[in-house]
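Listed next as structure tokens is one chain, alone, in the form predicted alone.
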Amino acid sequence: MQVFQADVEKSRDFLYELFKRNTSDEATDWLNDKLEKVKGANSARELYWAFSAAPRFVGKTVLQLQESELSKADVLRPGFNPSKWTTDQTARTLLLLSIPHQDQNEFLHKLNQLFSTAEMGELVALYASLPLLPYPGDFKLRAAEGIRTNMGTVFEAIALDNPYPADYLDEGAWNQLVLKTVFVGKPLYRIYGLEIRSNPTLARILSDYAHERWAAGRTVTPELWRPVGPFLNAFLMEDIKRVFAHPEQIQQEAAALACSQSNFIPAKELLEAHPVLKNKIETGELNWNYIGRKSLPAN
């Protein structure tokens, strides 16, 4: 059984410093009082009240992070990225990290109670905090619930800038997460671990989705071909040829990148036939993050 995926104390110290730097003295005093009570409380009453009330006392300001702090976050927990977190979200995560966790059943009971009664803002904090919580294997079903939600901000909290899904979801749930990200028009480049968790089944699912869109006279995001490229075969190559023939440059760039990821001989030959794009890929001028950011207005 894996108990820790990140050092709880170091994570707490890191988030606390971010919180202090991004909020008022009054908000920090309020949180200090609640953290002490949560640490020492015999019941969960103080936790539940503080978790619910946090926005009223600490606000919802988006954290302003420096590059060095983003790097430190990634050291604390590979893939951890709080660049879009808010002060109330950070305060709530600090409350979660202050719950005594030596008793696994008691810890999980408190977390499950919060998940069961949470409103949208609370769910965002809960799902975004998953990569820092003890007993990570016990939250797989919760993560799968997050994928099925109809609440956009909650889905973003689990799908984007969150390393938990790549590390813990089984293949079926992971594929569902990627497909839904495409379906709801969110950027794939913000899914942590996309290359590592790509698989032939996902490539086929995304191809099927593209064919449905094309049949309806619609386009697909060029990012869709990112998880497909490593698994190109004779069937998928027909998709890539179609994308190469698209009048939009960004679609052609995505097709070239997909070919560059493949060892399939026809894919290599197709890329050779587009020397300008091939050169941009080899020099780093053209990459998937560029495609993701460039296609955002269309999303």
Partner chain sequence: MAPEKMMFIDPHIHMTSRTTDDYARMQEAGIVAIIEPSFWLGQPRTEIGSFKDYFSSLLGWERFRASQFGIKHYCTIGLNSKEANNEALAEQVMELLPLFVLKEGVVGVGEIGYDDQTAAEDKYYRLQLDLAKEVGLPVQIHTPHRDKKAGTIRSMKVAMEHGIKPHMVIVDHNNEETVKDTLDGGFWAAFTIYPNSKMGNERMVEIVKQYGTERIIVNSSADWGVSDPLSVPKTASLMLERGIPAEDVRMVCYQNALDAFGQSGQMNESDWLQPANVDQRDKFQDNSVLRGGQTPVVGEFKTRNELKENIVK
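Quick caveat, the model's predicted, so the values are computed rather than measured. Residue numbers count along the first chain shown, from 1.
Absent from the display: the form predicted together with its partner chain. The rest refers to it.
> Can you tell me which of 108 to 116, 167 to 175, 75 to 83, 214 to 222 lies within 4.5 Å of its partner chain in the model of the complex, counting heavy atoms only?
Heavy atoms within 4.5 Å of its partner chain in the model of the complex occur in 108 to 116.
> Looking at Gln102, Asn150, Ser71, Thr153, which has any heavy atom no more than 4.5 Å from its partner chain in the model of the complex?
For this set of options, the contacting one is Asn150.
> Which residue among Thr28, Gln252, Asn233, Ser52 has a heavy atom within 4.5 angstroms of its partner chain in the model of the complex?
The residue in contact is Ser52.
> Would its partner chain in the model of the complex be within 4.5 angstroms of a non-hydrogen atom of every residue among Tyr48, Lys60 and Glu122?
Yes, each of Tyr48, Lys60 and Glu122 comes within 4.5 Å of its partner chain in the model of the complex.
> Lys241 versus its partner chain, in the model of the complex: is there a non-hydrogen atom within 4.5 Å?
No, Lys241 stays farther than 4.5 Å from its partner chain in the model of the complex.
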